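What follows is a single chain, given as structure tokens, in the form predicted on its own.
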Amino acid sequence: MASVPVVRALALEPEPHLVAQECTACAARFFGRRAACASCFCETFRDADVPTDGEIVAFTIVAFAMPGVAVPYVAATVDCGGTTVQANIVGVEPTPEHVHLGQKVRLTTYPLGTDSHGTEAIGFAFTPIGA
């Protein structure tokens, strides 16, 4: 069965990891297409692999969502070696007793569904290290 990442920043091979766009002038990193760097206005970028381990620097426990989205869940900002990543935290009970600032996490992937051709869409999140 073929697998495809649901976002361009997710690379599945050789091991799952994120790839940011890094400014060639100031090394600021961004996800998604940019016409110019928000830090220095340079217009050239290179691919930069993002570390798969990180630390939670901000989070919220989402209690209300659109119909069909299971709640509660943890939405977080993760610092991965200086690159800021927005993602959900999975594999942990979504309570303040189980999620905290400074918590060490690791990138994980999960299937989102399969289309009529058998191609599986893959998403990403972070899970606490040791969980």
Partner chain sequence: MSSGDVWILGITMTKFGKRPDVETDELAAEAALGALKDGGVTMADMQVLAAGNLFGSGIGQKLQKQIGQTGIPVFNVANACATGATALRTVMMAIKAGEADMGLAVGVEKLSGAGLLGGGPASFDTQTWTPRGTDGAVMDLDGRVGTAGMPGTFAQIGMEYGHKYGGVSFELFARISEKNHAHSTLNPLAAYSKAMPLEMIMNDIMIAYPNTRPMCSANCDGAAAAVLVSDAKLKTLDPDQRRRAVKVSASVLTSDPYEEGCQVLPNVNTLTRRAAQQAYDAAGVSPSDLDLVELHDCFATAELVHYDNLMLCPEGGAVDFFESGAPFRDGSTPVNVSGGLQSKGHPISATGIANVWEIAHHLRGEAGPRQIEGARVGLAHVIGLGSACGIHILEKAS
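As the structure is a computational prediction, the values presented were derived from the model and not from experiment. Positions refer to the first chain, counted from 1.
Just so you know, the form predicted together with the partner chain exists too; it's not on screen, but the next bit is about it.
Although the partner is absent from this view, residue 24 stays clear of the partner chain in the predicted complex, with no non-hydrogen atom inside 4.5 angstroms. Using a 4.5 angstroms limit between non-hydrogen atoms, residue 91 is distant from the partner chain in the predicted complex. The partner chain is not shown here, but in the predicted complex it comes within 4.5 Å of a heavy atom of residue 7. Contact annotation: residue 12 falls outside 4.5 Å of the partner chain in the predicted complex, judged by heavy atom distances. Contacts of stretch 79-101 with the partner chain in the predicted complex, defined by any heavy atom lying within 4.5 Å, are made by 82, 83, 84, 85, 86, 87, 88, 96, 101, listed in sequence order.
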